Structures are given as C-alpha cells and as structure tokens.
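We begin with a single chain expressed as structure tokens, specifically the form predicted on its own.
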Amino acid sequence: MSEVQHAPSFYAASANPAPDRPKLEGDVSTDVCVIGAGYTGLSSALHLLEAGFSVTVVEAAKVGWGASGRNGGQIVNSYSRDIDVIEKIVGKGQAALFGEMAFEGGRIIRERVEKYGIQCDLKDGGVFAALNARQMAELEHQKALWERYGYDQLELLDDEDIRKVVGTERYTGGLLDKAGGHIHPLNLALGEAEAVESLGGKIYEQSPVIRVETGEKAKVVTEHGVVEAGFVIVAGNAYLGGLMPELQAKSMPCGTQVITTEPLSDELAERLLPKDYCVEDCNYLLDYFRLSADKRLIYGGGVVYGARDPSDIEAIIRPKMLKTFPQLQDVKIDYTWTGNFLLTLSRLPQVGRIGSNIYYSQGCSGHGVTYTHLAGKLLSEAINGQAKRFDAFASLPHYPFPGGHTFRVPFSALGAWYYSAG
C-alpha cells in the first residue's frame, strides 16, 4: 500500500520539520490506544500521558493529515451551536457546565504552545464580521450571552471600528474576541505530536485501523499489527470512514475549500488586516480569512456536502475573496486545497462510549480547533474516572439525518440553501 502524504496545502509546504514515524508492526500493549493523530487524538494523548497513562496513537496517514492540518487556523470560542441553544436542550442548570467549558479549548491551546514551546505562529484576536443590521443584532446577543457566562474578552465594533481592522466596505460592524486568534494548524499538530513523544507516547503513522475488537481488553487491529489496550479513543472524525458503523448514521463528512495567495507586500497586508486579526463573517455558510506569518492571505469558505473534492477550488473561493477584497484582483493564488469536517444534525459534538472501554468524540461541525482540545481533556478525565463533564456532552441528543445515509447530502444542501436565503 502506497504511503499517504499531506494535502497540497500552504500548511504542508511551510510545515516545521517532522520525522516520518514508523508503521505499526507486531503486537503492542498499552493503557490507552488512540485512533487518529489529529487534534482530538493528540490532545487526549497529551492529557493522559500527563496523568500517568501509557498511550499509543495509530494514524492512517500522517500526523495532522486530516482537518487538523488543513483548517482555517482560527481559534474560535464556544461551539458551532452557541450556549443559548444548549440551554434550550438541557436547561439553565446543566447549561452552566457547558458555559464554563465554552472558552476552555482556546486556553488549552495557549497552555500547550507555551508549555511545550510549539512554534505555530500564534496570534491573538479574532473578529466576527456582520454584513447587515440583523447579523449585528445577533452579535450583540452573542456578547451579552458570553458575558452572562463570565467571559469578558469581547468588544463590539461599529461601522467605523470594523474598517480599522478589516480593509473592506462589506461589513457594517463586528465583534472582536481578544482571546480568539489564529495559528498555523499543521505546525500546532506537529508540535503536539512531539510533546506526546517527549512524554513517552508512541505514534505510528501509515497504519489504518481495519477493525476494533471489544472485550475487557480491546484490540485495535491494523494490517501489520495489533494494539491491546485497556481503553480505546476513537478520534477519526470526518476521516473515520466505516470503521465504527454505529457512529456513521448521525454524522456526515463535509468539505470546505481554502486558497492562499502569493506573499503580499507589507503595505497591502496592512491595508487588508491592519491588526493581523483573523476574521469570519456571520453567514450560515461563512467565509473566513487571515494573514499567514509571511503575509499571504488565507481565505476559505463554501461547503461541499458529502465531502467530494471540487475540481476547481480557486473558481469557488476566489470570487468570494474578491467580493471582500477587490484590491486583490491581480494577486496570484499559490495554493488551493480542501479539507473535511464532520457535521451532525444538531451541529453539536457527538460524544460517548461504545461498551465500557471505547470512547469517542466527533462532529465538531466546523468549530473544531478549540473544541477538539477541550474534547481531549474530557476524554482523558473520563478514562481517569472523572466523567462529569464528558457525560454532559454524552447526554446531548443526536438524531439521524433525514433520508438516512443515502439522502443526507441532498437534504442538508437544501437546508443550507434555505438558511442562506433567509
């Protein structure tokens, strides 16, 4: 079987040096086997190693190969559905627990970067940009909601303020999250993998899992080896495939597309994003963008339901970029790629156990950079006997997509069209 390499992204081209890790061969015994070396898996592994567990990570391709190494690189707080939606599902009492956790993922990322000296171009500041008065009212509601849960890092931007942070006429206002920010996502994953290994964790690449055998000791079987473990964490997200059929019906892989320009002049980069914040708009199918460390504009958007790779990514995303920044008309695009995220019908994460010792977290629904880091902590707490926070997520209801496995793509596309038109 040929080895799987990283997508042709700007991130892969600018990644920090990383070793090629070995394939799993033969039998290995460990306390916890983690399936997937993306953020969920690496965060889990780090927390567990710090708690004294032995950990083995098996990855079908390379560290950070999936969404963790391809995303927009934005540190966005809370969840894909905000705390007020969760309040309606679980009640205000239980929602307080979700409110406490809503801002934890970003803190975990910063703590990891500092503790392990991870070089990933971390910058502070993220902006939610409103295109009309209705979206601005939603941002005012979001600020009041987050502040009700004790969060004090937000600043409303009026139409004059927003132009000081984004060089476009498109937006009528915005909301600055000073504790938001952005990173080189693949370098964050590579740094976390190095931290895992520094604590004695083992990572095997190019080792797709064929099956998981349950029992008092679970067995994670690859083509050339077996990991026997007291616990298993399934952290494959949108790239899990059919490995765990029980997780498939209530989630759907979706593709998002990203382009990266050639390096911009200092003067042009400063005109586009004077404060070097990352930005996402408030549309249902949102656009997101930021500057890289070498002053390229990274611009993403669009959703392909069912996660097919479009034939011409630039044709999809460049017009969106030019709508925001017409001054980039003559700028060359150096990189285009697609990455998959996992969508649930509720757009809330799907968390739980299969049997007594197989744990999973998936379905970040496009909000994964911060949530996955929180998820790793929750999974490690549950395995370590402190399951209260894990169980709060596990108790959220999840439903199959309308039309089942076959028709989930057209139904979801129709729903997105409805929300976008609304």
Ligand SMILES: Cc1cc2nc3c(=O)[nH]c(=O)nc-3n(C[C@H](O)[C@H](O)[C@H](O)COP(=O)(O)OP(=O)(O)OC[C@H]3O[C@@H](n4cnc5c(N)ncnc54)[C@H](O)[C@@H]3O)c2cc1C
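Worth saying up front: this structure is predicted, and the values here are computed from it rather than measured. Numbering starts at 1 and follows the sequence shown.
The protein also exists as the form predicted in complex with the named molecule; that form is not presented, and the subsequent description refers to it.
Contact with the named molecule in the predicted bound form, judged as any non-hydrogen atom within 4.5 angstroms, is confined among 82-90, 336-344, 95-103, 269-277 to 336-344. Put simply, residue 382 is far from the named molecule in the predicted bound form: not one heavy atom of it is within 4.5 Å. The named molecule is not shown here, but in the predicted bound form it comes within 4.5 Å of a heavy atom of residue 35. Among heavy atoms of residue 208, some come within 4.5 Å of the named molecule in the predicted bound form. The named molecule is not drawn, but in the predicted bound form it has no heavy atom within 4.5 Å of residue 165.
Taken together, the three residues 249, 253 and 350 all stay farther than 4.5 Å from the named molecule in the predicted bound form, as judged by their closest heavy atom.
The partner is absent here, but in the predicted bound form a heavy atom of 240, alone among 240, 313, 157, 154, sits within 4.5 Å of the named molecule. Residue 288 is the only member of 267-293 with a non-hydrogen atom no more than 4.5 angstroms from the named molecule in the predicted bound form.
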